[in-house]
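Here we start with a single chain on its own, the form predicted on its own, put down as structure tokens.
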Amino acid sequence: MPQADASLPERYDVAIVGGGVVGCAMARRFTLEGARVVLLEKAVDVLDGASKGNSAILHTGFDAPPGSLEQRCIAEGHSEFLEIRESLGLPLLQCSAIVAAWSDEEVARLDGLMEQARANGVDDIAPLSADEIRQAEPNLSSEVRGGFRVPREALMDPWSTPHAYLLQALANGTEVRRACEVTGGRYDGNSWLLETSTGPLRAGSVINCAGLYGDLLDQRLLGKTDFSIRPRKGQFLVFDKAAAQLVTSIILPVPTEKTKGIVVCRTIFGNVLVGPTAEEQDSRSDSSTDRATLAHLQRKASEILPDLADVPVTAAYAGLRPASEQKDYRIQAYPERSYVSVGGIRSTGLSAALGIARHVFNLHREFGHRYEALAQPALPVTAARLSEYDSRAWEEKANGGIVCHCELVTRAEIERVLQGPLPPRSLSGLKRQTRVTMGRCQGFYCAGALARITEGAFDCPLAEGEDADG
């Protein structure tokens, strides 16, 4: 048996670059198919890029361009999510959506949209008159003109979902390296030798899931790219939980060529969400909010749901979508370099991630690599459900006491996450796994206790004012 050359860095079958929702789903898929996987994320935590801010809707793809790769990946991702969510302990609020028209022009587009939905296999839609919409959603503005219902649109947890994908990958052998930026690399015809900020490694294949930096990574490793990222900012408002009684469905606008438009819906955490905007910008990292845009969102929210005018805003945030010069996803295989670039995954990435991972694995299969799929994959230890519509950890007796009273996060939940297989290395990471400090006071009352509990856990201690962007 040949001996491994000790002078060479460790070799993996597949290196996945980028720890967003697509990277997490990709790690799970390749691991379940039997590959030895390493996931490389340049930030201190996974989900620190585009995946940290979105509307958390499980889309059906009813309005995606028929025949597009995006539509196919959404449909397959939606289906696989429903198949695995119980085994992974993932919450889902099956509330349906109403596409609402507010003008004659929008009413005129409804028939075409419903035809498009049926062409995409979403044939359970139901047209609604203005009276039927107001009967279903009595707090909606009387200005609504008509619309249709999309029964299978639903709400999900945008962070526990990709965490669960990655936790299952970890439970079956994936390695995760955080704060690990790929700085260069070359392919020798058999393996990639990747240079990273934490040292070199080898991999049989590279899957580029770098999101907002995907085109730059292509340039760095291939010397070329087939797309250019054009960051699109989306600002959101989060209204207090008292607003959740005002709306039950996801209220969608009639979409345009550029954007799905401003949505009003509950979150799975019991708030009401309004957004996003669609703002082109050059920066790949500026996810700041601004007063004028948030004021516009607040006016828009009150136009759609007038009683929101009397409800306090709990928080505001912005997400960046890695849009490209084309509307469809930009997934390109380079078999001669054993490399797949997964670019241009815009706002539907959360819904499509599992479908994208299957599509990429099938492309990769054509490279000739052969793995043996796991016969009985291990399931991860499931995290506590953070959904307002499920039982919560604070209801258990041995919870260690409540630390965050706004979101009812217990000491036991925080400690379980800190000692788990994917311990957060930042306050932002801890927020995404527990919701601590994400309530009405935004950490004003619990930050001191939290600093003591997390002492030594974060790359930058909470007591030194670590991350404020949430």
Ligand SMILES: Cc1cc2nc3c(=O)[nH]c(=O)nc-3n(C[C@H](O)[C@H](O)[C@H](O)COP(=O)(O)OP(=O)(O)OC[C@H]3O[C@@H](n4cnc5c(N)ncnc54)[C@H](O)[C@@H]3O)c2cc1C
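Residue numbers run from 1 along the displayed sequence. Note that the structure is predicted; figures quoted are calculated from it, not measured.
Omitted from view is the form predicted together with this ligand, to which the following refers.
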| property | result |
| --- | --- |
| Result of superposing this ligand in the predicted complex onto shown chain, 2.4 Å backbone or C-beta criterion | blocked |
| Interface membership of Leu140, this ligand in the predicted complex, 4.5 Å heavy atom rule | no |
| Partner contact for Gly49 in the predicted complex: this ligand, 4.5 angstroms, heavy atom | yes |
| 4.5 Å heavy atom contact, Gly319 to this ligand in the predicted complex | yes |
| Interface membership of Arg29, this ligand in the predicted complex, 4.5 Å heavy atom rule | no |
| The unique member of Ser347, Thr314, Ser387, Ser338 whose heavy atoms fall within 4.5 Å of this ligand in the predicted complex | Ser347 |
| Contact residue in the predicted complex, chosen from Glu181, Glu396, Asp226, Asp290 - any heavy atom within 4.5 Å of this ligand | Glu181 |
| Stretch in contact, per heavy atom within 4.5 angstroms of this ligand in the predicted complex, of 107-115, 212-220, 90-98, 128-136 | 212-220 |
| Stretch 20-57 - residues with a heavy atom within 4.5 Å of this ligand in the predicted complex | Gly20, Val21, Val22, Gly23, Leu40, Glu41, Lys42, Ala43, Asp48, Gly49, Ala50, Ser51, Gly53, Asn54, Ser55, Ala56, Ile57 |
